[in-house]
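Below you will find one chain, with nothing else, as structure tokens; this is the form predicted alone, and questions on how it binds or moves follow later.
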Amino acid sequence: MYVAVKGGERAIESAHTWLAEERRGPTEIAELSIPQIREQLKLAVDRVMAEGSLYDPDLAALAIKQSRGDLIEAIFLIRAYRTTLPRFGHSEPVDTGAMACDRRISATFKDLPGGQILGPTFDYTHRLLDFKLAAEGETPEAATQEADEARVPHVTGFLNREGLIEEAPQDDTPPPDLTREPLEMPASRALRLQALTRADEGFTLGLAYSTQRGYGRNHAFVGELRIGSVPLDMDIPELGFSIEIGEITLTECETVNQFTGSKTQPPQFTRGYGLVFGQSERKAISMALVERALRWEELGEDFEGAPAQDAEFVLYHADNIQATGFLEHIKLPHYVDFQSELELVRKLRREAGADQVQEAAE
């Protein structure tokens, strides 16, 4: 029998108060500031911006503080806030060839114009706890790196000169806006890229790993991975030309993938592409691998039933906010639903018991 729950509003208010106390923690410990989170937990901030589809480090840091470090909750907060913002216009496509690179590596060419820039990365560190970080007042030595203001060409351009890699797919159709329109199938490449760039990093990583293990026939090389800042331009109708309105940090990955050719195309390499806000190279590489796996149909390849090849499976399950909402709703009251199923199970058991008694009597 369903019994109405009383006092729910008071209980929820108490839960909010308790949450605020837990978020603050012991008052004898200094409170984390937004600038501290923004500057010292930068990779977490970058992930929240990327998957929240809003480039604002201060707001992302605030969301992380409010969510007690739960990044999916922080992403939820950022997306909810973004829906309240007016849109004044659209920026011009960014030119990543003009990126001021903090990090730029290639797994395909050792010597390339502009050089390899290792940049700030965990790749060459020992995965051992550094207890010096537990001591207050530690100041790292300043890194020295000569800035190169010249354009840094993309590595895939070298392969393109010999026709060894496919031309980058072109589509002048205005792309749909996934932040304002629901996802629909079949999804264009532009829509797939939007969905992947704000997809959950862990989910995308798992799918990318599956392609490397053979689920999708996707053997890839990292043609180039670059991280840096690019200028953001916006066309101002009243002025009649574009002006630079700021800079954003991006991570871009281009993979070089094997392709045996088809009836209409000679053997050549194909591309996978990833582009995300901030420094998020694991996500960018994963995105490039999955994006390439999703292109099997346009490249005339066979569908092998791999999860990463199934656009509907990938795109509908990659959004961590959608997944979180559907998952967590089951912890909310379902008293009526459960009581009906409970009564059904009791009825079935009674009928089964009656049948057993009848069979025993016979």
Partner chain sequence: MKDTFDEKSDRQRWMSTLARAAEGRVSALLDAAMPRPGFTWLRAPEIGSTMVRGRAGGTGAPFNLGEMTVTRCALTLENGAVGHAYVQGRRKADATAAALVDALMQGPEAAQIRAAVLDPLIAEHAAKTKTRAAKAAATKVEFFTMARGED
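Because the structure is predicted, anything quoted here is derived from the model rather than measured. Positions refer to the first chain, counted from 1.
Below, we turn to the form predicted in complex with its partner chain, even though it does not appear here.
- Picking from 125-133, 218-226, 96-104, 69-77 the stretch near its partner chain in the model of the complex, with a 4.5 Å limit on heavy atoms, gives 96-104.
- For the residues Q258, Q265, Q212, S242, the 4.5 Å heavy atom test against its partner chain in the model of the complex is passed only by S242.
- The contact with its partner chain in the model of the complex, taken as any heavy atom within 4.5 Å, belongs to I117 out of I117, L205, L183, L159.
- Using a 4.5 Å cut-off to its partner chain in the model of the complex, each of K110, D172 and T179 places a heavy atom inside that distance.
- For the chain shown alone, D56 is a contact residue for its partner chain in the model of the complex, at least one non-hydrogen atom being within 4.5 angstroms.
- Proximity of G246 to its partner chain in the model of the complex: non-hydrogen atoms within 4.5 Å are present.
- Under a 4.5 angstroms non-hydrogen atom cutoff, its partner chain in the model of the complex has R271 among its neighbouring residues.
- Using a 4.5 angstroms threshold between heavy atoms, A187 stays clear of its partner chain in the model of the complex.
- Contacts between 69-97 and its partner chain, taken as any heavy atom within 4.5 Å in the model of the complex, involve Y81, R82, L85, P86, R87, F88, G89, H90, S91, E92, P93, V94, D95, T96.
- Relative to the displayed conformation, the Cα-Cα distance from P169 to A306 grows by 3 Å or more in the model of the complex.
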